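Consider the single chain below, provided in structure tokens and representing the form predicted on its own.
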Amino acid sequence: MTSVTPAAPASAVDSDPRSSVRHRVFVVGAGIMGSGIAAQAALAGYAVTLEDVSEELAARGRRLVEEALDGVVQRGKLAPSAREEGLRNLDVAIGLRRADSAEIIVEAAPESLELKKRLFAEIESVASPQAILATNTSSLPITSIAAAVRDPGRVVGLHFFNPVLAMPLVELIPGARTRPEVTEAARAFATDLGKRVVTSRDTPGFVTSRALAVLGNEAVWMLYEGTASRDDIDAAYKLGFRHPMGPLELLDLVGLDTALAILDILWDGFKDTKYRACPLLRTMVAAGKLGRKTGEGFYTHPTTPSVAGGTA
């Protein structure tokens, strides 16, 4: 098979000890979301390959999986033996060379339509004709992503939430040409991971990102206008509405760049002024203050290596 990515030297990162195992999941993108999806699938007993474009990024993705599983063990939600079994189900790879053995391929790249279309064209060129091709997009039209492949009927949206191991929800979004059997297979996969599945039409932002965009953007506008302080805005949402996090805290978790990208997608799709991003949000993104992944957003966070590509 000819690889669609430059060949990389063989290494321990790129070994494939379970090439003959069925029910393999291939996750494209080893950032926050990709590593979380890989960890969840590995815990559910799937043989999982977590991919990125370099050995450094792929290895970092595995570390993210290990850290996520460690956190669940420390909270008493997972037995250490289950953690070890999950890690045995996981390997990492560089590029798409091993995607041909997967039954389910999940793309978890940054929220860019052109990037995702290019990736899906590459994925289709190496994937099994029977494989389901899923995207973890939080706002982009599934139909537009699927336009990049020869068989758009096997492309479907599976929108997981961060942190994947803790969040019980998955949004299922069929595109205009997604075949019914592909939709149902994707639903069965998400259910098998222990998730509650809700179905959305293929409209910009779907259900959750559309609602979150307005809530978060309005909070930023209130801060920008001096209506209330950061802490009082978040306290009002938590105490008044019983939200577990305030909207500004949540934006830091999601990533301010991701939130801005979603607002711009909604604006392009609906041309409704309620999706006009607050100038403060644009300024913070331009300054690199993206939230937890950069250590600074509306709040200051412990500094950790930045991992691009996280989505809500």
Ligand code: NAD
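Predicted, not measured: the structure shown is a model, and the values here were computed from it. The first residue of the shown sequence is 1; numbering continues from there.
The form predicted together with ligand NAD is left out here; the points below concern that form.
Not one of E103, A185 and A190 comes within 4.5 Å of ligand NAD in the model of the complex, counting any heavy atom. This chain is displayed without ligand NAD, yet in the model of the complex the stretch 27-35 from 40-48, 271-279, 27-35, 240-248 comes within 4.5 Å of it by heavy atoms. At least one heavy atom of K116 is located within 4.5 Å of ligand NAD in the model of the complex. Within 4.5 Å of some heavy atom of ligand NAD in the model of the complex lies at least one heavy atom of A108. Residue contact check for K293: one or more of its heavy atoms lie within 4.5 Å of ligand NAD in the model of the complex. At least one heavy atom of V53 is located within 4.5 Å of ligand NAD in the model of the complex. Of the listed positions (S200, S144, S125, N162), a single one reaches within 4.5 angstroms of ligand NAD by any non-hydrogen atom in the model of the complex, namely N162.
Interface residue among V285, L266, L57, L69, judged by heavy atoms within 4.5 Å of ligand NAD in the model of the complex: L57. No residues of 210-246 lie near ligand NAD in the model of the complex, the criterion being any heavy atom within 4.5 Å.
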